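Single chain ahead, written as C-alpha cells, the form predicted on its own.
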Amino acid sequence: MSIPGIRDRKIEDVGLQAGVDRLTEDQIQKTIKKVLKGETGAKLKLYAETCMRCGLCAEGCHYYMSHDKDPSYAPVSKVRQTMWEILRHNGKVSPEFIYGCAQIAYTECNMCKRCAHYCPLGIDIGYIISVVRRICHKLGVVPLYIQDTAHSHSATMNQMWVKDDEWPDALQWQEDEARDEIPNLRIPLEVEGADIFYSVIGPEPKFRTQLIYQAAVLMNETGQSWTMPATPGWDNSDMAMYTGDYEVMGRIKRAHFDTAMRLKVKRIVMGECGHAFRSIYDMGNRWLGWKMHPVRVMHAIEFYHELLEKGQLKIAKTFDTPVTLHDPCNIIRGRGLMDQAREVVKAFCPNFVEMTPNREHNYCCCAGGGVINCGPPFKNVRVEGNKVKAEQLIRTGVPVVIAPCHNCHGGLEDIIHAYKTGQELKFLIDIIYECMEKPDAVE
C-alpha cells in the first residue's frame, strides 16, 4: 500500500530508508496494535469516529496555505493518509506506507495545533500526528538527523553532545566575559535552596552563549536568588519527545526535575524556548505519571513579566526601532502567554506593530515540532511550506522581528533569507539586556 498524496514527492532519507528496509508487514501490524492498545484510548477513538473529513481545518495549516492550497497538505488529508488508513486496515500496512507516514508526520506537520482552532469539533490533529510518530519510532523509521539528536539526549542528557566538563566551562567563560561589564557578577553553580534554577537548552552553551551572558546580567541586576547545576540535567530541550521516543523523553525530564529537587530550588525558570517548555510543562511530567510538576515551571516570558510588575526590572531606555512579535506555538497556544508577551514588548518597544493574524491564530515558524531537526533533505519543503509566514512578516513593514523561541529563530531565519524580507531577528532578552537599567555596570 502506498500513500497517493505523497507518492510524487517522496524525499530520500537514509534514516527512513534504513528503517523500512528492515520491516515486514507482520512486524508493522504487531507494533501498531501494541501502540494503539497500550498507549491510546478514548481520545483517539473519539477523534476517529467524530472527524467529518469536512476540511475546515485546511486554512489553519501553513503548509496548505503556502502550497497553493494543495489538498494533500491539509491537516485532515495528512490524517487521512496516515492514521485513518492505519485504523481502516487494522494496522496491516506495507513498509512503503510507513515511509510515507513518517515523511508526513515528521516533516510536513509541526504539531503547532493551529488547525484545532478551525475544527468545528476541536479535534487535536497534533495529537494524532504524535501517535503516528510514536508508531514510526517503535518501528525504527525516523529521519536520520533528528534521530541523531535523540541519540545525543540518550548518551549525554543534552541535545548537542556537550560533554560533562564543557558545560561548566561554558558558564565560567560567560561569567568571565560578563564581569568585564559587571565586576561583581557571578553565575552561581550548585547553590542549594536558591529561589530559581535557571534552565537552558543545549544550543545555548554550543552556539548562543550570549543568551547565558544576558540572563546572568538580568539575574544579577534584578537581585535574584538563582543557580545553575554543574551536572547533567541542565538541558531542558527534548527532541526525543518529537521522535516519539517517550522513554528517552522521560529520562531527560526526570533528570531535569531530579536536579531541581536535589538543589531544593523553589522554581525552574526556563529560557526562551518553546518546545522545551512543552516538554517540561505538558509532556514529560505526564509520561512520568506526575499529575503536577514536582517543582514549579515558569517560561522566560512569565519571568520577565513578573520582574516588570514587581519593579525589579527597570527600563533605562526604549528600543525605538519598529518591531513586531512572533507568537511561538508552544507558549501561546500551549500556555496562553500572549498578553504577558505583549506587555513586556510594549514596555521596551514603543513602536510595536502587530502581525496579522496574531496571538493564538498566528502562523507557526514551520521549524517547531522537530521539523527543522529533520535536517537538509527536508529543508526546501519546510521553507516553501512557510511562504505564508514570510508574507505575514513582510506585511508588518518593520525591520525587527522578536521571536522568544530558539526553533522559531531557526525557522524564521531561513524564510527571512529565502524570501528576502530584510528583517533582523531578536530574542526578547536581547531587547531587555540592551534597554534595562544596570546599576552595577561599569563603562
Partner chain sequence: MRLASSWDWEPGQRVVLESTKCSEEHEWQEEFYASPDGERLACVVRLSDFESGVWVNGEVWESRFDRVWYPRFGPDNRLTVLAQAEMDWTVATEDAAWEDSYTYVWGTRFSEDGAHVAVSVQQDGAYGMIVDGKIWDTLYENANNFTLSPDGSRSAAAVQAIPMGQAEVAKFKAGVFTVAVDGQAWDKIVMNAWTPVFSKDARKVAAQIRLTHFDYAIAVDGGLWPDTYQMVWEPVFNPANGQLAAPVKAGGAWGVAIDGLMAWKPRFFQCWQPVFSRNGQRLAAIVAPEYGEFTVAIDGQPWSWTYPVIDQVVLSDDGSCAAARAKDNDEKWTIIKDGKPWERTYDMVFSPAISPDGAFAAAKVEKKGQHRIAVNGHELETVFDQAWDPVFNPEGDKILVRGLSQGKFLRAVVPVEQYRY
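Residue numbers count along the first chain shown, from 1. Note that the coordinates shown come from a computational prediction; the quantities given were computed from them, not determined experimentally.
In what follows, reference is made to the form predicted together with the partner chain, a form of this protein that is not presented.
4.5 Å heavy atom contact, Leu185 to the partner chain in the predicted complex: Because a heavy atom of Leu185 falls inside 4.5 Å of the partner chain in the predicted complex, the answer is yes.
Distance check, Asp245 to the partner chain in the predicted complex, heavy atom within 4.5 Å: Yes, Asp245 sits close enough to the partner chain in the predicted complex that at least one of its heavy atoms falls within 4.5 Å.
Any non-hydrogen atom of His151 within 4.5 angstroms of the partner chain in the predicted complex: Within the cut-off, so yes.
Any non-hydrogen atom of Thr156 within 4.5 angstroms of the partner chain in the predicted complex: Yes, Thr156 sits close enough to the partner chain in the predicted complex that at least one of its heavy atoms falls within 4.5 Å.
Partner-facing stretch of 331 to 339, 365 to 373, 83 to 91, 141 to 149, counted where any non-hydrogen atom is within 4.5 angstroms of the partner chain in the predicted complex: Result for this chain: 141 to 149.
The partner chain in the predicted complex: contacted by all of Pro168, Val265 and Leu288, heavy atom 4.5 Å: Heavy-atom distance to the partner chain in the predicted complex: all three under 4.5 Å.
Glu306, Asp320, Glu190, Glu181 - the one with a heavy atom within 4.5 Å of the partner chain in the predicted complex: Result of the distance check: Glu190.
The partner chain: the contacting residue among Lys346, Lys163, Lys314, His117 in the predicted complex [heavy atom, 4.5 Å]: Exactly one residue meets the criterion: Lys163.
Within 393 to 420, the residues that have a heavy atom no more than 4.5 Å from the partner chain in the predicted complex: Going through 393 to 420 in order - heavy atoms within 4.5 Å of the partner chain in the predicted complex - there are no hits.
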